[in-house]
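Only one chain is given next, in structure tokens, and it is the form predicted alone.
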């Protein structure tokens, strides 16, 4: 699961017994060599899915980590790209690993996604692999925050993968991880919130709509379909109502 350059078992244990913020500060130098980093295939597929909806002017990578998603935005946004994360260690690695782009300027901001320090400043917000750090009861506030930083006509986009079926080993691995995390949080403080099975597509779509966003869910190409014909991966795009600002053409739709 982890290569020789990845974190050791002891390092993972120390991280797991820390707070979420401090745990990621500790993991940051080796984060890109773990399975937690979003694979390039997913990043490339999301970039391809969003490109026809642009061009975009200003983008935000929500919970940016070491900046993998920020690189996606530099190819989609013309003027500026901002990465925000509450881990100083992850931001430090992002600054080192994401070179300045020829087109948009890049800014790094330390902050909490549940209290974003921006006004309606972005045409596009993306997030990759961070939603397990939010409890279901926090989603309404999180999505309201995202809506508040989008300009009219702006979009919030992220990939969602279908959960493995009970017959697959991955189902039991994720169930075991979430169970162990719940036991850990019942016995140890501070809590470390990271649950793989708590982010459910139906709930997410409802909460996005309750936040006032218009939601489209399309197939993320390149990941195939399950035996029942449903896609293994989707690209969710939630749009803030209103006309795009002058000079920003109306975007198309995500194909199902």
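On a predicted model such as this, the values are computed, not experimentally measured, just so you know. Numbering follows the first chain given and starts at 1.
This next part talks about the form predicted in complex with a small molecule, which is not shown.
This chain is drawn without the small molecule; in the model of the complex, the residue among 78, 133, 151, 71 with a heavy atom within 4.5 Å of it is 133. Exactly one listed residue, out of 139, 160, 93, 113, brings a non-hydrogen atom to within 4.5 Å of the small molecule in the model of the complex: 113.
Look at 208 to 216, 45 to 53, 224 to 232, 62 to 70: in the model of the complex, residues with non-hydrogen atoms within 4.5 angstroms of the small molecule sit in 62 to 70. When contacts are judged by a 4.5 Å heavy atom cut-off, residue 104 does not count as touching the small molecule in the model of the complex. Looking at residue 20, you'd find a heavy atom of it within 4.5 angstroms of the small molecule in the model of the complex. Taking the partner from the other structure, the small molecule in the model of the complex has a heavy atom within 4.5 Å of a heavy atom of residue 129. The closest heavy atom approach of residue 82 to the small molecule in the model of the complex falls outside 4.5 Å.
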